[in-house]
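Have a look below at one chain only, the form predicted on its own, in structure tokens format.
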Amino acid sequence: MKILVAVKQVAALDEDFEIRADEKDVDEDFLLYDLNEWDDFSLEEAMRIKEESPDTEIEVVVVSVGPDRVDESLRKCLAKGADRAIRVWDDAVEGSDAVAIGKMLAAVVKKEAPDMVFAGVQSSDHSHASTGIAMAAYLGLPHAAVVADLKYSPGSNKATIRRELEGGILQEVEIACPAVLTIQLGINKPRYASLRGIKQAAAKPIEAWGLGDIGMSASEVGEASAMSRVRRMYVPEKGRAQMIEGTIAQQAARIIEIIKEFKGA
């Protein structure tokens, strides 16, 4: 049996930063990279299933789309117990949106043919919450988002999940397997990598795949094929609060004036 876990290396801002010259992103020199928080929980859920089923041979495979620096995050996953790590990249992938990344991950899933696919609900940098669902759409598999509890026996053709809805409501449903599940924070308690695990991970190979390895072409990825793109990134001007004095009628009149000024009336 095989569980595939899609992970992402996310970027966080340093205390001081500068916008790139093209105004489309932050200069990479001012970014700090780490494994996405949601993906820690996804990996832990896969490891939980593996460790609770000692009589079943289970392979946990992590996959990520990104350049060479992503190897550091993949090695963290290997140090926590993942069996294999795959990194997909090609220079043509630069500028791809979440949907294109989902399509690439779906191509990896088709090639690996896992019994279950996990991904984090969202990433801490972009928070689109769309990559996992896009992956499921391209695969045509049953899927569920914001999974807060999972009951699954390896090899079973169904699983029982509890997912979060709006307003703190939980919904319990049964889903056919294989399925794509996006995992929510708090479903488990992610482990720390042991010193032994870190040493073993350093010796494990990370499989580097290109677009050709997953049957895709450069025309399917990149900024040119993206359905959304960043037009401009900038630091907004800081304003000041203004206290409106006077009677209620005077305050209302002043608010109307401010709205008219804002609209250019």
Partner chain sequence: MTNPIEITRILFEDFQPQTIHLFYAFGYAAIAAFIYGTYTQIRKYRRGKADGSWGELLCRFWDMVKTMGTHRTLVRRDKKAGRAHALIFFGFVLLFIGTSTITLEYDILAPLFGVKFWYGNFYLWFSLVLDIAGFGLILGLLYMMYRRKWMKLPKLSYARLDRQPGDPDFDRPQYRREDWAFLWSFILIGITGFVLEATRLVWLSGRPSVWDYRMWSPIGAALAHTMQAVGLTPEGAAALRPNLWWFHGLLSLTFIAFIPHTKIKHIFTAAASLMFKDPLAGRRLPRVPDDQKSAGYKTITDLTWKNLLHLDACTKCGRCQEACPANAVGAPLSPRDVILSLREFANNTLNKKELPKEAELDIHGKDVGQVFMETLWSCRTCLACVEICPVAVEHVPIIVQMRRNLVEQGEMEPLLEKTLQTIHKSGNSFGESKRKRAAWAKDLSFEIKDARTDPVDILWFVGDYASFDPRNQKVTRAFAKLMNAAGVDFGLLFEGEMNAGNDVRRVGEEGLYEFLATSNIQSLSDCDFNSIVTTDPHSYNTIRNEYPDFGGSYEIQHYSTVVKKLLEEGKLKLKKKLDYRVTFHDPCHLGRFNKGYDAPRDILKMLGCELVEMGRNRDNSFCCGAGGGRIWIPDPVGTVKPSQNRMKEAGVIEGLQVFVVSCPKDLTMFEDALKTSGYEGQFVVRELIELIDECMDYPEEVVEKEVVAESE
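Source: prediction; values computed, not measured. Residue numbers count along the first chain shown, from 1.
Here the subject shifts to the form predicted together with its partner chain, a form of this protein not shown in this document.
Here the chain stands alone, but in the model of the complex its contact with its partner chain, taken as any heavy atom within 4.5 Å, falls in 192 to 200 among 59 to 67, 213 to 221, 235 to 243, 192 to 200. With a 4.5 Å cutoff on heavy atoms, Asp14 counts as touching its partner chain in the model of the complex. Heavy atoms of Asp29 reach within 4.5 Å of its partner chain in the model of the complex, making it an interface residue.
In the model of the complex, the Cα positions of Thr56 and Arg196 lie at least 3 Å farther from each other than in the form displayed.
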